[in-house]
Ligand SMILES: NC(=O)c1ccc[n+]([C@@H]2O[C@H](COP(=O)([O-])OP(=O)(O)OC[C@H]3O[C@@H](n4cnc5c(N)ncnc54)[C@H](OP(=O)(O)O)[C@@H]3O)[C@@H](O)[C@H]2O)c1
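Quick setup: one chain, the form predicted on its own, written in C-alpha cells, and binding and motion questions come after.
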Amino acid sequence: MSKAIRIHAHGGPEVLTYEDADPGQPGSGQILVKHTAIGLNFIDVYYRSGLYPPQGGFPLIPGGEAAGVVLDVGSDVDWLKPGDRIAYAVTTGAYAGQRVIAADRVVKVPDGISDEQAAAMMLKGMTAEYLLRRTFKVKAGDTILFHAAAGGVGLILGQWAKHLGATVIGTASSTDKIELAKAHGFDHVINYREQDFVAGVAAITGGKKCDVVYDSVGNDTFPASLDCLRTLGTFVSFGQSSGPIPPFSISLLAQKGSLFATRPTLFVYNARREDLEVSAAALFDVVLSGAVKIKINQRYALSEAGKAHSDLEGRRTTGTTILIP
C-alpha cells in the first residue's frame, strides 16, 4: 500500500492529510510510477484552497510535478519499460508514493539530470520555456520585468532570459531574495516593500520601460504592471498568488499604450504531445548546457506537506522546494 496526501475539503494547510492510498494498476495507455521526488508549486495551494475546483471531486491528491521510476506499463505503451526514469508536469495527483498516470504525459529524464532536479524543474522550467519562447519570444536586447524574482519560476526564467540576451528586471521582498535573484540572471531587482516598482522600472530603463511583464502575483501588482510597459508592450498574467486580478475594461489597454494582454497556462501550451516533448527537450538542453542551474533550496518529507504549504504561503521559501516520499 502506498501513501499519499489527500484533501477531503477545501481549506488551509491543515486539510492536507497523510493517508494510505492504493494507486491501482495501469490500464491501456497508462503507467505505474514510483515517485522519488515531488515538486511543490503555488498552483497546489490553489487546488487546496478552492481557488481552482477539484478535478473529479474529493478526495483529491494535489501536486502536479514529480519524477520517479516506472514500475509497470499498461497495454499500448511500447516506448517505456519498468526501470525507466521519467518526470512530468500535470495538474494534480503527484503528492503520492506511487501513482498511475497517462504515459503520454511523461517524458524520459536524460542522463546528467537527477530525479530531484527533474522533480524541481518540470512545471516551473516548462513554464519558463513557454513564457520566454512562445507567449512572448524574448530576444537579445529586450527588457523584461518579472515579479517574484526569487520564486521557483523566477530563478529559472531569470537565468534563461539572461542566456537569451535580455535585460532582466525583477521584484522581490527582501535583501536576501534580491541577492538570490541577482545570482540567477537578474540584472536589476527592485525591493517592492521599499520602493514603488513602477518608478524603479522607469529609473532603470531611463523611462523607456519594458517590452514584456511576466506577472504571477495578480491582485497586488495590477494595474501597476501595465505602467511598466512601453507602447505595444505585452502583459502576461500567469498566476495570482496575491489573489485574482479584478475585472477591468479592455479599453484600459488602449489608454496604457495599445498594450497586449494574455492569461496563458502551461497545460494549454503543452496539451499536444509534440509540444510537451519540444518544451521538455528545450528545458533539458538548457540545463545540461549549464546555462540554467537547478538548485533545490528546501526539502520536506511528503508527510510534512502541510508545513511546506504554510512556508510557501508565508513567503518563507525561496526558489525550488521538493517533497520526498
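For every residue, the number given is its place in the sequence shown, counted from 1. Note that the structure is a prediction, hence the values are computed from the model and not measured.
The protein also exists as the form predicted in complex with the named molecule; that form is not presented, and the subsequent description refers to it.
Peer 1: With the named molecule left out here, work out from 157-165, 213-221, 90-98, 73-81 which stretch has heavy atoms within 4.5 Å of it in the model of the complex.
Peer 2: Going through the listed ranges, the match is 213-221.
Peer 1: Report whether all of Y46, L123 and Y192 sit within 4.5 Å of the named molecule in the model of the complex, measuring from non-hydrogen atoms.
Peer 2: Checking in the model of the complex: Y46, L123 and Y192 are all within 4.5 Å of the named molecule.
Peer 1: Going by heavy atom distances of 4.5 angstroms or less, which of V153, L180, V201, V107 would be at the interface with the named molecule in the model of the complex?
Peer 2: Selected option: V153.
Peer 1: Taking 4.5 angstroms as the cut-off for heavy atoms, does S242 touch the named molecule in the model of the complex?
Peer 2: Yes, S242 lies within 4.5 Å of the named molecule in the model of the complex.
Peer 1: At the 4.5 Å heavy atom threshold, is L312 in contact with the named molecule in the model of the complex?
Peer 2: Contact with the named molecule, yes.
Peer 1: I'd like to check something about F42: if you look in the model of the complex, is any of its heavy atoms closer than or equal to 4.5 Å to a heavy atom of the named molecule?
Peer 2: Yes, F42 sits close enough to the named molecule in the model of the complex that at least one of its heavy atoms falls within 4.5 Å.
Peer 1: Is Y130 part of the interface with the named molecule in the model of the complex - any heavy atom within 4.5 Å?
Peer 2: It does: once the named molecule is placed as it appears in the model of the complex, Y130 has a heavy atom within 4.5 Å of it.
Peer 1: Select from 253-271 the residues with a non-hydrogen atom within 4.5 Å of the named molecule in the model of the complex and write them out in sequence order.
Peer 2: Contacting residues: R263, P264, T265, L266.
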